[in-house]
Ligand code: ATP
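Listed next as structure tokens is one chain, alone, in the form predicted on its own.
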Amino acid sequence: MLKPKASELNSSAAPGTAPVAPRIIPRSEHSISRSGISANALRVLYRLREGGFQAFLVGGCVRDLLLGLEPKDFDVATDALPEEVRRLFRNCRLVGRRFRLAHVFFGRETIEVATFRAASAPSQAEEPIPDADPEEGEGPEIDEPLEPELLEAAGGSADGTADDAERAVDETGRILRDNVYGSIDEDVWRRDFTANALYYNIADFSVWDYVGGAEDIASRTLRLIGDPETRYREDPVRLLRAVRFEAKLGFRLDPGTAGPIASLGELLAGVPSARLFEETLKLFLYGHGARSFETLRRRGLLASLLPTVEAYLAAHPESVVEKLLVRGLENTDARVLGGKPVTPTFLFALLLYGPIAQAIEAAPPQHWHELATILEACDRAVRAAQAQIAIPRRFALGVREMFSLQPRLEHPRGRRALRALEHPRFRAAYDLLLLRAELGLAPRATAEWWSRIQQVPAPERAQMADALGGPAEPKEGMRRGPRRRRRRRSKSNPA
């Protein structure tokens, strides 16, 4: 017999509520099989158990296994302290300042191990780690890796050192730091959504459900644990997580969870900009970017995350720029689902297309295609976005290069056009040109010419370039500049 359903307990209780007994779902009554769990995650779970500790899979991986999806990562929760985890695994490194975590490395796969925490401690997904997303695993292949310094800017620590202060909260109720360990009965109350608060026990393969998460997964409902406004104020990034899970999973937001979102968007202004950069990548580069964009606008959060983008779209409803943005996000989603690499540079070129176009069009028309005008517009749009999101320098420079290449791609001239093929940003700029041509913002014939020239052998490329006319490239061995005059030696100074 099962214990009382978690929904009959108090799934809306505030964190810190007195412990309640979980509903324990035996192996015979759920669909999770060890065959669907990473072999490395099983190694971690079994070694923790052999060491005398409790060991559970927890969070998004349990949710996805119950949904029949393949998890991208596997998180472990235990009563072992981080230092005890490190003693069990030589391939372990401790990370984090807001809350110390153990990362156990198996080649390219990282299993994150968190000690049970007291109520309201920040969740694993609330402290970004470079090149790893605690909720989504490694995620899509990003062909431009992220900088380690983003970790420090977001409140993490690359060497795993911890702050002395155990708990700190700002004036809005946002948790700044919470280094208090707890039990599994306390750990559940600091998790954000019921669907992410299920624990898979390696001891007997049962699922522990304190808050009705299994029922909410079955009904595809996203529900915050505790009072929604309080939980959003504790960590405003939960606003974006609600949007992301709604878009990714197709879940329906519980009315109580959805209600405060639009009115609390201004709280995102207090979130470190590096964390918002990480959340932006999770929203748009994990295969559900087009749905995330629609959901952000519908929930009123795009104005808080990217105010200049929302302002442009609001001033130009259903414009060709909006269609370009949506189509570009759909193309990016297709690449992710097809296992192809994606780049934050292209993402921000899409998101900032409207503000960049607006800045260009503010100049006299005769200057629109001038390089200086385009670069100044890119810089202005990126600076405005960086007021909220810490866009790393090389992605900002990549956006400039993509846009500065557009006039060269629209007007190829002789064999000089061949040099554009060797530019590091050519592929991203070419993809943007294709997208613009599809929507009538660039000549379709020119886009087709660039598509053909990439497919033909080198001799035929030269013929295609010659057929364009324009200045030819110097032949091999010919001088590229004016002949230098030799200096006559003075008789008095033969040296």
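Bear in mind the structure is a predicted one, so any value in this text is a computation, not a measurement. Numbering starts at 1 and runs along the sequence shown.
Below, we refer to the form predicted together with adenosine-5'-triphosphate, which is not included among the displayed structures.
Checking 102-110, 237-245, 400-408, 215-223 against adenosine-5'-triphosphate in the model of the complex, the stretch whose residues place heavy atoms within 4.5 Å of it is 237-245. With a 4.5 Å cutoff on heavy atoms, residue 64 counts as touching adenosine-5'-triphosphate in the model of the complex.
Using a 4.5 Å cutoff between non-hydrogen atoms, residue 323 does not count as a contact of adenosine-5'-triphosphate in the model of the complex. Contact check for residue 196: a heavy atom falls within 4.5 Å of adenosine-5'-triphosphate in the model of the complex. At least one heavy atom of residue 73 is located within 4.5 Å of adenosine-5'-triphosphate in the model of the complex. Along 268-302, these residues reach a heavy atom to within 4.5 Å of adenosine-5'-triphosphate in the model of the complex: 275, 282.
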